[in-house]
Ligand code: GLU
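Just the one chain here, laid out as structure tokens, in the form predicted alone.
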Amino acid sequence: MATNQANNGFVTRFAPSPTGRLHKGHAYSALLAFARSRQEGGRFILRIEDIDTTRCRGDFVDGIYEDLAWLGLTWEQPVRRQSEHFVDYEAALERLKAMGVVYPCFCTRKDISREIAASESAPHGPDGPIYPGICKGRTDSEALLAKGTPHAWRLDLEAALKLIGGGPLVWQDEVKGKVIATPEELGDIVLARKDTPTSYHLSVVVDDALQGITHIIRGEDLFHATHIHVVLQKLLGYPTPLYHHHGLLLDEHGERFAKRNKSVTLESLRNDGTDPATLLSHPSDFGCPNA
């Protein structure tokens, strides 16, 4: 669906993963970004983040288009689907390899869990225990790579920060103000998985740069990911967008909306005869904090 927006340099996006139908929380985030793009006279881009080829499905992609159209949103064509652009993420990974800031990881989940359990004080971040660095600096990596041993690629955060230098990294968030990055919260994150030549962190940073995204409007559940995204942006020479991490919608039990709860999907609301105008009057009508 083409739009007739005047481009004044403001570019934002909505980037769902097609692992289920969109719910009210997705609608809030999409509407907030779309309304902001109209307010700024800028551009609104839809991106399909489908790198997880085992969980993402074509019918869910169709559902995203259907749900957003029902809300009255329009977006630029063509829509970028990450699964069609693995070469871009592989190129970025090769650049990071050349910088010496990544290393292969041959660990299984069981290996990592065992190492964490054996540690007296395993550091934890917002997503749980931080990878304990089992494969960092191991001497048999080249031999294992030559044998074709399955492996992921991890960011060597210590080497990355040393290479960047120049004091603390910062980004600007429209809700929280100036934020000093603390990527140590996430540690040596995965940049390419064993079964996929990229990860969420790498692909989203590459795509935002390639698509010229200037403003990232997304839920506060992704706030901590930004700590590591600014590191990758700095390493790859990408600009850091302005961020807006909005509050999350909660159900009557105080829980976040989830795709598994079919009663709050946009498909269900549409089938129940809900008028999309009740959601479209303004995103703040959702009652979401920190909009």
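Everything quoted here is computed from the prediction, not taken from an experiment. Don't overthink the numbering: it's just position in the shown sequence, from 1.
Below, we turn to the form predicted in complex with the named molecule, even though it does not appear here.
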Response to the item:
Partner contact check in the predicted complex: of 217-225, 170-178, 190-198, 148-156, the stretch with a heavy atom within 4.5 Å of the named molecule is 217-225
Worksheet item: Are any of the heavy atoms in Ser17 no more than 4.5 Å from a heavy atom of the named molecule in the predicted complex?
Response: yes
Item to complete: Would you please decide whether Glu40 lies within 4.5 angstroms of the named molecule in the predicted complex, comparing each non-hydrogen atom pair?
Response: no
Fill in: Contact test in the predicted complex: Leu202 vs the named molecule, heavy atoms, 4.5 Å
no
Discussion item. I'd like to check something about Arg13: if you look in the predicted complex, is any of its heavy atoms closer than or equal to 4.5 Å to a heavy atom of the named molecule?
Written reply: yes
Practice prompt. At a 4.5 angstroms cut-off on non-hydrogen atoms, which residues of 44-58 are near the named molecule in the predicted complex? List them in order.
Written response: Glu49
